[in-house]
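In the block that follows, a single chain appears as structure tokens, in the form predicted alone.
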Amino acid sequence: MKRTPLELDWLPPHADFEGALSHARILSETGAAGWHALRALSGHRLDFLQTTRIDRLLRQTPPPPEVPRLRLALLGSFTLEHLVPGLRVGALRRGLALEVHVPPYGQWRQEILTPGSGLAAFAPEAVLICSAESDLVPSLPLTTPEAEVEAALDAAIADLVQAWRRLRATGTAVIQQLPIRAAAPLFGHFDRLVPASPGAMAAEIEHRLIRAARAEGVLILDPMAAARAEGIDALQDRLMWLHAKQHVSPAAGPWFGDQAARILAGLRGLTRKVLVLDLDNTLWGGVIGDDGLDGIVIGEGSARGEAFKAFQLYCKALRERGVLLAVSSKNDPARAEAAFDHPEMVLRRADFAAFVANWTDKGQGLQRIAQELNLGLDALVFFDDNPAERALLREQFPEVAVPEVPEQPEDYVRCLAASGLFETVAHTADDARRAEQYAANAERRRLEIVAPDMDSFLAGLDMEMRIGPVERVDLVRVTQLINKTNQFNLTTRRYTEAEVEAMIADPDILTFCVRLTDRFGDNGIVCVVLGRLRPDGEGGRLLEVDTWLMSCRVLGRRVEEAVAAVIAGAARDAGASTVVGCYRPTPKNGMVADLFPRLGFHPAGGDGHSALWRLDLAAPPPPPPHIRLSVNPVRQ
């Protein structure tokens, strides 16, 4: 089937869009069911008009309380309003409710600089700056000396960096869209060798923008790179640019919105974590149960075998990046595992954090994988060549992302990459070690099974906890955890990197960053606590715990008891007599509903949406005996 450029072709087409939209319209009058119906509809292949119609209904349908929200300001030097439906529907597709503010045309710099502007009143949590090439590339005579060109480019970047800094100082995350190339070459391939040619300056400004963004902690949206395979002409419509200053064509609006929405979803921690793979005709050609090890197609010697090998290489690279791999396949388990002994196989059995091969339905396999990895179903991406299995999984588990896998294996990599389901806004050393950490967890579970009791198991882990203030070097990982941890998260408050940076510089805020090692390896940063010192109304001070979250990988090891003991000690050292904790329930954090009473806190009221708990520091809780504590109270 011929593809339309910039079509969302990793999503399945809808057989009855009109019927589904009508049904969603009826449900939208009854509340949350309407929002969920629109989300289900957004998970299909949509054109500009369909996207706009969904968005029109979405604006009349309030999201359920548990859905993450984000306020986005869309700033830029060209017409942007037509991109808003694609952004809102792209965010909806990822379970994010987006509120969008667009300043008047051409006023984005004034909005940043004016304290009482509409932008300031909107208080965005993220800003996407869409820059046209003409807004950044200076207009210079072709004979301008190279030194003067350099100075003009420096000035253009410096101006933009000042805008970024003003925005980041308010705690907002900044996303800079790289300009879409518009200038036609004047000299052909010789363009790049003429310093003042529009083509040479556009290329140079792009390099400088990327370097500046890296230094300033600004995220990048690169539509040129994403659209390169599709053809830049599909992204731009010169007629619409000349008539309506639409630098991105309306037809490309849904695609552009999805590209930006995947970054926004990353800011809210909505990135998928696990790639669950089918086996037969997905990782190799043929059926291992029928064809045997010698009969499956994988590796060099045939185009089809090389296509499957290329897909395995891509999956392996995702694993090295930090995406967990798992298998859910209808297969004989022994034969399925033996297939990974094939000499041409890139992936090995040890590369999978979970492996479910049996004759039950694959939905049960996905549930078991989520349970083994201690993750929600909304962390999974299921990749299967069988369209019937994909349709069934979408019906059974709408939380699971199921890309529309193309028929030919040579298109698998492009499909998975284009879906953007593993888009991230940060990458840390802990991310790169994730697969190793989950493999170590399997070793821990084996130890738990053979240990005579829980105390013996915990003592056998030989745990050491290092705890100290959040340092600047921890900012990326700590922000990542704040925005993606859902289960062990007492308040589920989300903060941008700039907001966390402001907190660690505030002398009235105590921050705690916890690392844990044991006999099986380094678990990395497993816990973050942010607490604010404030007057207690009786002449003294108390520590109010704003954020307390912990990785589910270390649940059941009494790590929270050790953390509570350290918090209590630090609060007392800071002159506080009490620690006040807050529990704000969400659909996902029920596991910590009783945390504070378990740690010796007493009820202290609430406001109907949250419960407060109080710990008297005259009798702080002791740390558990099986964890060695290494406390660094001073920021380095």
Partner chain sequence: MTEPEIFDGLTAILRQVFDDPGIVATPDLSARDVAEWDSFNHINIVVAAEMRFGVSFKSSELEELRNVGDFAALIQAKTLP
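As the structure is a prediction and not an experimental result, all values here were calculated from the model. Positions refer to the first chain, counted from 1.
Although not depicted, the form predicted in complex with the partner chain is the subject of the following passage.
Query - in the model of the complex, segment of 588-596, 43-51, 607-615, 571-579 with a heavy atom within 4.5 Å of the partner chain - result: Stretch 43-51 is the one.
Report task. Give a yes or no on whether every one of 96, 434 and 494 sits within 4.5 angstroms of the partner chain in the model of the complex by heavy atom. Result -> No: no residue has a heavy atom within 4.5 Å of the partner.
Query - Touches the partner chain in the model of the complex: residue 251 (any heavy atom, 4.5 Å) - result: Yes, residue 251 lies within 4.5 Å of the partner chain in the model of the complex.
**Report entry** Contact of residue 246 with the partner chain in the model of the complex (heavy atom, 4.5 Å)
**Finding:** Answer yes; at least one heavy atom of residue 246 falls within 4.5 Å of the partner chain in the model of the complex.
Query raised in the report: Quick one: does residue 239 come within 4.5 Å of the partner chain in the model of the complex, counting heavy atoms only?
Result: Although the partner chain is absent here, residue 239 would touch it in the model of the complex, with heavy atoms inside 4.5 Å.
**Report entry** Touches the partner chain in the model of the complex: residue 82 (any heavy atom, 4.5 Å)
**Finding:** Judged by the heavy-atom cut-off of 4.5 Å, residue 82 is in contact with the partner chain in the model of the complex.
Query - Interface residues of 319-357 toward the partner chain, as seen in the model of the complex [heavy atoms, 4.5 Å] - result: Contacts from 319-357: none.
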